[in-house]
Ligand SMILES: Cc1cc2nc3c(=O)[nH]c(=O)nc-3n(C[C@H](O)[C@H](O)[C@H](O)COP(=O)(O)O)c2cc1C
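There is one chain below, alone, in structure tokens, taken in the form predicted alone.
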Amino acid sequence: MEFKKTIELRHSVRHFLKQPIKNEKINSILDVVNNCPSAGNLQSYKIYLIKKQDVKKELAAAALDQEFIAQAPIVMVFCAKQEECAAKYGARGKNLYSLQDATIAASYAQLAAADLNIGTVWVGAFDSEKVKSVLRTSYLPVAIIPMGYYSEKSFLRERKQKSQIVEEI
């Protein structure tokens, strides 16, 4: 798919077919993520790839009972490795760069999935401590990205005009 078309067609999907995603497609998405930019090329993030239904249910509960998370064939949770980034960049690395790294990685995963006709949705509403507990990690969760084939009709939401979001100085 042409890149601009991928961007135009990507939208949030909360209803997924029960069809599993083949490992080669998952690996293709992860290959794209592995090539995304990061501060100092540290890649100060960790991706948790969840396929187990019981873990997806726990994540859904930790994400304010957003049940569609448990319905997705796979869920990726992107976490910031704050201390790793802080070792090189201090407080700014811990509080900003590591979060940006995880955010960029999650965004690239969504675009790579869209290019494969796999739907995703960005989930940012969750209890960080509960997600950490589910994942058994000390890393800071930044985004939960459920993934699966669309079971809803594709629709695009209206976007603001560029003049509403861009100011030239």
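Quick caveat, the model's predicted, so the values are computed rather than measured. The numbering used is simple: start at 1 and walk along the sequence shown.
The protein also exists as the form predicted in complex with this ligand; that form is not presented, and the subsequent description refers to it.
Undergrad: Looking at 29-37, 118-126, 49-57, 133-141, which lies within 4.5 angstroms of this ligand in the model of the complex, counting heavy atoms?
TA: Selected range: 118-126.
Undergrad: Does the 4.5 Å heavy atom contact test between S12 and this ligand in the model of the complex come out positive?
TA: Within the cut-off, so yes.
Undergrad: I'd like to know whether K160 contacts this ligand in the model of the complex, with contact meaning heavy atoms within 4.5 angstroms.
TA: The answer is no: K160 has no heavy atom within 4.5 Å of this ligand.
Undergrad: Answer yes if any heavy atom of Q43 is within 4.5 Å of a heavy atom of this ligand in the model of the complex; otherwise answer no.
TA: Because no heavy atom of Q43 falls inside 4.5 Å of this ligand in the model of the complex, the answer is no.
Undergrad: Does any part of Q66 reach within 4.5 Å of this ligand in the model of the complex? Heavy atoms only, please.
TA: Yes, Q66 lies within 4.5 Å of this ligand in the model of the complex.
Undergrad: Scan 36-54 and write down, in order along the chain, each residue with a heavy atom lying within 4.5 Å of this ligand in the model of the complex.
TA: Nothing in this stretch is in contact.
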